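The data below hold one chain only, encoded as structure tokens and taken in the form predicted alone.
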């Protein structure tokens, strides 16, 4: 898979930019707060229709403007596709593939596959379970369209159930009506949990091997899925029993307390929870290796090498670790790496496209 071109309008601080001539290695340069991260984010948005740096889509619209639009050309297997995404402040949204409107996100997400290395990702271990669930959801959404469809439907049903819980709590509805929503939550939730368990199992072995190697055999990392119901045995039965056991508590709290929306991913380093018993450097190393594992898993499951986006992850890494990472990135099909045009980057990527960004203006030069 290869990104051939991109055009960006009114996205973050980028007013109107078009870039083409991308190579296998693409170095994004510029001073602080000039738009390097925003440029990489525009690529990631066309891949996932999401960003970890926003509360609402309004945050992505350039100040003073009323919309943003993104367009890119992707080539894979000798075939080209044009992807477009539009959002207006009046809540108007649309996505298109080859000029044709697409009604479902699941038909668009993953047409451009990406793996992102960024400061937000580096903090994943110490952030909330919401962020760790979101990370695995974004990974699986690019790998499996059925997963994204199931997840979207699950959250729709969850919203309906929570409304009913509020009504039951206020004695405005019969709690027997919860059965209808619970049955659908169980059916969809089991599919979601099964997919997550399979992904975590695959990532676990890759992460363990990478961390062991980089630590010189001193660190053993275990990745595990912390489910809100028992995963041994019959998942459907276990989910149903847990919902039944928590029914009264859910009514009191007016919220669904069991299901994949309450689950978490845990990192155990040398037998202890890495969230509490690991250094900043160790956490950084773990997440970088997790992202490398995600790259390998996506490549294996889809038969396509995702485009890799690398933004400011080298801070606080020693020179040896930095060098090892650059060597790994150098073996990937296509990367976009934000930084400075220093000797290390040009040394490892002698043939590259240089993308310079200054005050949201993008210029491209081939080296």
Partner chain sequence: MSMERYNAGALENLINELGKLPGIGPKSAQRLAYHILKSSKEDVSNFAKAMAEVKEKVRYCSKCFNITESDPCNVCSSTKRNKNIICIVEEPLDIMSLEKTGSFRGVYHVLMGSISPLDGIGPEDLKIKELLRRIEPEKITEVIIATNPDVEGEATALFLSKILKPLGVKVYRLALGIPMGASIEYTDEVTLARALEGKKEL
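Positions refer to the first chain, counted from 1. Quick caveat: nothing in here was measured; it's all calculated off a predicted structure.
Not pictured, yet referred to below: the form predicted together with the partner chain.
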Of 272-280, 289-297, 141-149, 87-95, which is the one stretch near the partner chain in the predicted bound form, taking non-hydrogen atoms within 4.5 angstroms as near? 141-149
Contact with the partner chain in the predicted bound form, heavy atom within 4.5 Å, among 105, 76, 242, 153 goes to 153
If we test each of 252, 183, 222, 130 for a heavy atom within 4.5 Å of the partner chain in the predicted bound form, the one that passes is 183
Residue contact check: residue 175 to the partner chain in the predicted bound form, 4.5 Å heavy atom: no
So in the predicted bound form, is the partner chain close enough to residue 160 to count as touching (4.5 Å, heavy atoms)? yes
Closest heavy atom of residue 179 to the partner chain in the predicted bound form, within 4.5 Å or not? yes
Distance check, residue 208 to the partner chain in the predicted bound form, heavy atom within 4.5 Å: no
